[in-house]
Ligand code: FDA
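First comes one chain, alone, set out as structure tokens in the form predicted on its own.
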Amino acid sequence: MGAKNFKYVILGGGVSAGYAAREFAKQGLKPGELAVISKEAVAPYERPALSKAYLFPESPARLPGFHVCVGSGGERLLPDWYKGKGIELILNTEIVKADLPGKTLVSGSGESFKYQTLVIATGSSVIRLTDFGVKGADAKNIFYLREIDDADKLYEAIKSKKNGKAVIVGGGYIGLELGAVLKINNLDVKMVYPEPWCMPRLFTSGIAAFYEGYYQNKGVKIIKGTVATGFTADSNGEVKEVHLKDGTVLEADIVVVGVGGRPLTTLFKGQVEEEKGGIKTDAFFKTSVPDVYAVGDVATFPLKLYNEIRRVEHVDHARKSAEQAVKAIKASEEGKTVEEYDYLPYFYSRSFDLSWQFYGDNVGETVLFGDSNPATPKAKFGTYWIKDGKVIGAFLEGGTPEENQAIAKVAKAQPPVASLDQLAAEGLSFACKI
């Protein structure tokens, strides 16, 4: 079987892959120059939908509604779009071997793909409890959420276990978003996590107290400071109990595990320089190997704003890094250059009728402002992070688009702060006047 030859190959089928394909088309492509190779069965889509609207009991989101690039207000790239642009969309194809010096990828079925320039957009895989040998973690109805197939299986389970009991293992993004969506589906929801509060990588104890209180008011039971150590199943092999380290046993019809992810870099081990768990790149997402770029979750890149190397797992960076890499590829072909990637870290989430945004860095001293009482209807509150006398991060719950823009601006500008008490008193108005 002869190898298929392409000028450009995007490896991966997630958010980065879709945005990279769009940027290639914008920059100018000849038919047959670009291939997108994905192990998923569908064209690239906006992954955040899976933990939110996809699982709603009423009018759930479905493809083709959330193909990229609709998540950032762009045109939806349906399979016909790729065809129309002469881009080969190679789906259901898992690459099992990457020979970077030989510029060749080999699929599980033995097909070979040759390229001149490769964009690695493989994303992350979920960490599974079976990886740690947790007893009974292979029982039926224990779910992870990464791809549309996972969401479909969870959706079916939610329908078949009406008014049942659900246990969420993990208190991060997935835990909080799915805790909300399972409650909206009228399940009895318990959340279990080892940390002293939810979302500990981003939230302060003050921010977390609001969300934990809000969830408890909605009927979600939160169990902190312990972990799941095992599961028991019924005679059908379906999960029925979750055993916790503190000795508690929880009944469960559905378990959802959200304990983090790992960047998918295994194919490239020993062939490319790595740092901080990802593939090391420059400000143009170029790796240590000529003509190989890495974007999204897998890239460890220079974060100019803080003068350090960082890896960022978030949809916003997945989109922007993909666009930057393609612009850099096209510019280098023409002997031109593009501006260095200058990224302002941005995270957001929506659950129940809550919506928060965060910009910048969450280190240093903190100031909590506004009304963070979980019983307040339409609560609006936020937090600033202050380091070396400057605001370097800002979080806001319940902000308007203009207010969210203001906290982004303040995190980027890093204005000096005379007094923390004064900052607390000014609250949101401090950001709005920058």
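Not measured: the values here are computed from a predicted model. From 1 onward, residues are counted along the sequence shown.
The following text describes the form predicted together with ligand FDA, which does not appear among the structures shown.
### Query
Might Glu40 be said to contact ligand FDA in the model of the complex, defining contact as any heavy atom within 4.5 Å?
Contact with ligand FDA, yes.
### Query
Is there a non-hydrogen atom of Lys224 within 4.5 angstroms of a non-hydrogen atom of ligand FDA in the model of the complex?
No, no contact at 4.5 Å.
### Message
in the model of the complex, does Arg146 come within 4.5 Å of ligand FDA, counting heavy atoms only?
### Response
Yes, Arg146 is a contact residue.
### Task
Using the partner position in the model of the complex, report whether Pro345 sits within 4.5 Å of ligand FDA, counting heavy atoms only.
Although ligand FDA is absent here, Pro345 would stay clear of it in the model of the complex, with no heavy atoms inside 4.5 Å.
#### Entry: 4.5 Å heavy atom contact with ligand FDA in the model of the complex for all of Ala121, Ser124 and Leu264
So, yes: the whole triplet contacts ligand FDA.
### Option touching ligand FDA, based on a heavy atom within 4.5 Å in the model of the complex, out of Ile142, Val242, Ala318, Leu182
Residue within 4.5 Å of the partner: Ala318.
### Single option in Lys153, Lys114, His314, Lys218 placed near ligand FDA in the model of the complex, where near means a heavy atom within 4.5 Å
Contact with ligand FDA in the model of the complex is made by His314 alone.
### Task
Please determine, with the chain shown alone, which of 94 to 102, 358 to 366, 208 to 216, 333 to 341 has non-hydrogen atoms within 4.5 Å of ligand FDA in the model of the complex.
Correct option: 94 to 102.
### Message
Suppose contact means any heavy atom within 4.5 Å; which members of 13 to 41 contact ligand FDA in the model of the complex?
### Response
The stretch 13 to 41, when checked against ligand FDA in the model of the complex, contributes Gly13, Gly14, Val15, Ser16, Ala17, Ile37, Ser38, Lys39, Glu40 at the 4.5 Å heavy-atom cut-off.
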